[in-house]
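Only one chain is given next, in C-alpha cells, and it is the form predicted on its own.
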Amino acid sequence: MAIRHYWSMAAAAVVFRLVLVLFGGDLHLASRPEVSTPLTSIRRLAEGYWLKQASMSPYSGSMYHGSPLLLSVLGPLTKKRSIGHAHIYCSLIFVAVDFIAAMLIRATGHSLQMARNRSLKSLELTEAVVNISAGDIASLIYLWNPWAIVTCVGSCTSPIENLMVVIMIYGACSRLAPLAAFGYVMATHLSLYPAILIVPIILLLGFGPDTPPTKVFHLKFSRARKSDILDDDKSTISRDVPHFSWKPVFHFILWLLFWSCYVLLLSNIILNKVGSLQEMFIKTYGFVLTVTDLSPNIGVLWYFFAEVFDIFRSFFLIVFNMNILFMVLPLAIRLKHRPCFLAFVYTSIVAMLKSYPSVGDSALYLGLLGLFANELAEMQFTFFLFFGYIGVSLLSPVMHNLWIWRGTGNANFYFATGLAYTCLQTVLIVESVSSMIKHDRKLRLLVTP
C-alpha cells in the first residue's frame, strides 16, 4: 500500500530545497566541515577549474582532489554567480540529482517488496506479508533528511556520489548489468570506497533481490515432501529457492571493463596537455588513502593523525584502511541471501570509517535504511539513535564555533562530537544487522512445525 499524498510530500521536499537555494541567501553551508570535505567542496572544484582554464594542471598545489569529469560538468557553472548564492546553478543541479536518487530508491524498494511478498507467499507465510510501501518510506526519508537538504543547498558534490551508488544498487536489483556497471564505475571513480560494493552487486545480479535464508526454503520443501502437499506446490517451493546465475554477472564484468575504459579515456582527454592519469590517481585515490589533509571534519581520523607520531603514521594508515576490508567477507557470508541489505551495511561502514566523511554520506545510508522498514520494525534503540543524531547535528556547529571562532574551546570539543557521531553509527549498524538476523530466525521458526 502506497503512502497517501506521497507525491505531495515529495514535491514539497523539492520546493523546500528550491526556496532555500533561490531565496535563502548565502547560508555559508559550503564552508561547514560537516557538509563539505576536501573531496566534495565546490569551492575547491572552482579553483581546479580556474587552474585548468589557465592551462595548468587542476591538481596543482593541494586544492582540488576530485574527478576531471566534474570539472567539465560543473566547472563552467562555477563561473556564473549570483549575489545571494555563490553557486546557485550547481545547487539547482543538485536538487534535480537528489530527486532522481529518491525516485530510484523508491523503485528499488518496490522491487524488494515484490520479491519479499513472493518469497513469503511461497513459504505460506501470508500473515507476514505487509502492505507498507518501504520504497515510498525510504525515498521520503532521503528527500526530507536535513543532512541531504543541507548537502544539496551547500553546493557540494556528495549528491552526485550518492546518485551513482543508488544507480548501481537499482541496476543490480533490476538485473540491468549495463546500468549497474555504470553506477559502480562512476561511484568508484568519484570516491574510492564504493569499490567494496562489488560483493553485494554480484550477489544481487546472481541471486536477485533479498529473500529469506535458503535454509528456510529447504525446511519448507522437506516438510512438503513428508506431508500430502501437491506436486505443483512442491515445484513452486523448489522454484522459489534462489539459485545463482552467472550470466548477468558475466555481462556485468564486460560492461564494467567497457565503462572503466570509457571513463579513463574521457579523463585523459580532459586532462590533455594540463595533466596525466597518473597525477589524477595520486591526487585522488592517493589523497584518500594517505589522509594528507587534516582539516577538521565530522569523522575521527583527522584528529588521530594530527596527534600520532610520524614514525607510526604508515602503520596506522594500513590499519584504518584495512579495517573496512576486514568486515567485507564475514558480513557477505552471513548476509549473502540479503545482498541489498548488505549494500546498506557496507555503505554505513564506509560512511563511518572513510577518511573524509560528511553528513551527505549519512543521508545516503539512512535513506537506504528505509528500504527495510518491514524487516527492521522491531529494531531496538531507535529512540536513542534518533535523538542522538539530532544532538550531534546541533552540537557539532556549536563546538566548532567555540573552538575556531570564539577561542573558548579546543580541538577536543569538536572531536567529541565526531566521536559521538561515530559511536551512533556503530550502534545503528550493529542493531540493524542484529534485527535482520532475528527477523530471519523468526521466519525459520514460523516455517518449522
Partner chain sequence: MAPPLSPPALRRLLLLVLSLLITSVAAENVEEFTEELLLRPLPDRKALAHFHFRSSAPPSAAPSRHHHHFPKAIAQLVHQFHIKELELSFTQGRWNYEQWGGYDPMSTNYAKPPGVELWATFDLPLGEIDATWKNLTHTLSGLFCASINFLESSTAFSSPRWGFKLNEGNLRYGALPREAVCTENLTPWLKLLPCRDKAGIASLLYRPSVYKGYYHSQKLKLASSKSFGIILDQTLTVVLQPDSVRGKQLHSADGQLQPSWSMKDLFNRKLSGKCLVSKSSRVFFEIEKNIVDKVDKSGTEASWTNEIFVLSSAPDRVLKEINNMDGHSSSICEYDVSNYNEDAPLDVGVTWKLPLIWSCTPAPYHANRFLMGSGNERGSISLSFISTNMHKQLFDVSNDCSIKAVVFQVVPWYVKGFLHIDEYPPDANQGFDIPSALVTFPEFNSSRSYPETDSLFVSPLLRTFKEDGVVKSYTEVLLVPLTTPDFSMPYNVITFTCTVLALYFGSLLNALRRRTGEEERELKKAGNPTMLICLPVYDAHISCVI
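Keep in mind it's a predicted model, so treat the numbers as computed, not measured. Positions refer to the first chain, counted from 1.
One more form of this protein should be noted, the form predicted together with the partner chain, which is absent from this view; the next part is about it.
Would Ala306 count as a contact of the partner chain in the predicted complex, using a 4.5 angstroms cut-off between non-hydrogen atoms?
-> Residue-level check for Ala306: yes, a contact with the partner chain.
Does Val433 make contact with the partner chain in the predicted complex, using a 4.5 Å heavy atom cut-off?
-> Yes.
Is Pro296 close enough to touch the partner chain in the predicted complex, meaning at least one heavy atom pair within 4.5 Å?
-> Because a heavy atom of Pro296 falls inside 4.5 Å of the partner chain in the predicted complex, the answer is yes.
Any non-hydrogen atom of Cys423 within 4.5 angstroms of the partner chain in the predicted complex = Yes - in the predicted complex, heavy atoms of Cys423 and the partner chain come within 4.5 Å of each other.
Just one stretch in 400-408, 65-73, 34-42, 49-57 has heavy atoms within 4.5 Å of the partner chain in the predicted complex, so which one is it?
-> Within 4.5 Å of the partner lies stretch 400-408.
Sole residue of Phe250, Phe258, Phe244, Phe316 within 4.5 Å of the partner chain in the predicted complex, by heavy atom = Answer to the contact question: Phe316.
Would you kindly say which of Met352, Ile141, Met186, Leu92 lies with a heavy atom within 4.5 Å of the partner chain in the predicted complex?
-> Exactly one listed residue reaches within 4.5 Å, namely Met352.
Do heavy atoms from each of Val300, Phe320 and Pro330 fall within 4.5 Å of the partner chain in the predicted complex?
-> Yes.
Quick one: name the residues from 414-444 with any non-hydrogen atom within 4.5 angstroms of the partner chain in the predicted complex.
-> If the 4.5 Å heavy-atom criterion is applied to the partner chain in the predicted complex, 414-444 yields Phe415, Leu419, Thr422, Cys423, Thr426, Ile429, Val430, Val433, Ser434, Ile437, Lys438, Arg441, Lys442.
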